[in-house]
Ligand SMILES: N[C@@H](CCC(=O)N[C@@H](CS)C(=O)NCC(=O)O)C(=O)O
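Below sits a lone chain in C-alpha cells, taken as the form predicted on its own.
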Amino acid sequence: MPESPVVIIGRSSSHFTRVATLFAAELGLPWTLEVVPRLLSHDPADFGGHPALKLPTLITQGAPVYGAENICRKLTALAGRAGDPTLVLPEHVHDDTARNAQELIWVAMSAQVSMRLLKPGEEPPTPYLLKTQAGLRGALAWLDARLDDTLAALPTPRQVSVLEVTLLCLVDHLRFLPTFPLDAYPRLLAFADAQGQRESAQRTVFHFDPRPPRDPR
C-alpha cells in the first residue's frame, strides 16, 4: 500500500474517471480526486500532464499513468495484488465475445463524450453526429443482447473485472447525463442496478464538482 493516497486527476461527472476511482475503492486503496479545472483547456498541466488533454491521470510517487485502463493495472500493483486472478483485467479475458464487449464499451463511452460536446439538441444534426448516435445505439443493443454470454465468459471466481466496472460506468453515465431513452436495453439497466449496490459503486456515485471561476464547461 502507498504511504500516502494516490491522486486521480479527473472529474466526478466523468465515466472514465469513475472507472479509476471505483477500481481504487474496490481494492481498498486510499485515493483523492483532483478536479480538472477546465475541460476545454489546452494546458496539459490541467490534466496532470496528460499530453493529449484527456482524463483521468493517476499521480503516484512514480511517473504519471494516463487512461482508465492503465490506471486499473497500476492500482492492482499499488495494492500488492498484481497477478491476482480475482482481479480481471482485459488481458485476462480470452473469449472473443467478452473481448468484443470490452471494445464496444470503450467505444460507447467515447461516443457519449462526443455527443455531449456536439450538442445533439442543435439543428440540423451533422452527419458525424448522426453516425455517432447510430454507433452508440448499435453498441448498446449488441451489449444488451449478449450480456449473459459476456458475463459467463469472464474468469471465475473474481472480485471485480474491468469489463463490469466500465459497463456499470457507461450505463450509469447514460442515466446521469441522458442522451436518449434506455428502455430498449433492459438487461443493461438491470445489470447496472445490481452492480450499483456494491460499496465501491456507492462511494463513487456520479455528481458535478463545484465549478472553478470562469470554467468554460
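Note that this is a predicted model, so its numbers are computed, not measured. One-based numbering along the sequence shown.
One more form of this protein exists, namely the form predicted in complex with the named molecule; it is left out here, but the text below deals with it.
Although the partner is absent here, Trp142 lies well away from the named molecule in the predicted bound form, with no heavy atom inside 4.5 Å. The named molecule is not shown here, but in the predicted bound form it comes within 4.5 Å of a heavy atom of Leu39. Remark: Val113 counts among the residues lining the named molecule in the predicted bound form, judged by a heavy atom distance of 4.5 Å or less.
In the predicted bound form, Pro155 stays away from the named molecule, with no heavy atom inside 4.5 Å.
Exactly one listed residue, out of Ala184, Leu53, Ala190, Ala63, brings a non-hydrogen atom to within 4.5 Å of the named molecule in the predicted bound form: Leu53. Residues placing heavy atoms within 4.5 Å of the named molecule in the predicted bound form fall in a single listed stretch, namely 54-62, out of 54-62, 24-32, 146-154, 174-182. Looking at 8-35, the residues that come within 4.5 Å of the named molecule in the predicted bound form, counting any heavy atom, are Ser14, His15, Phe16.
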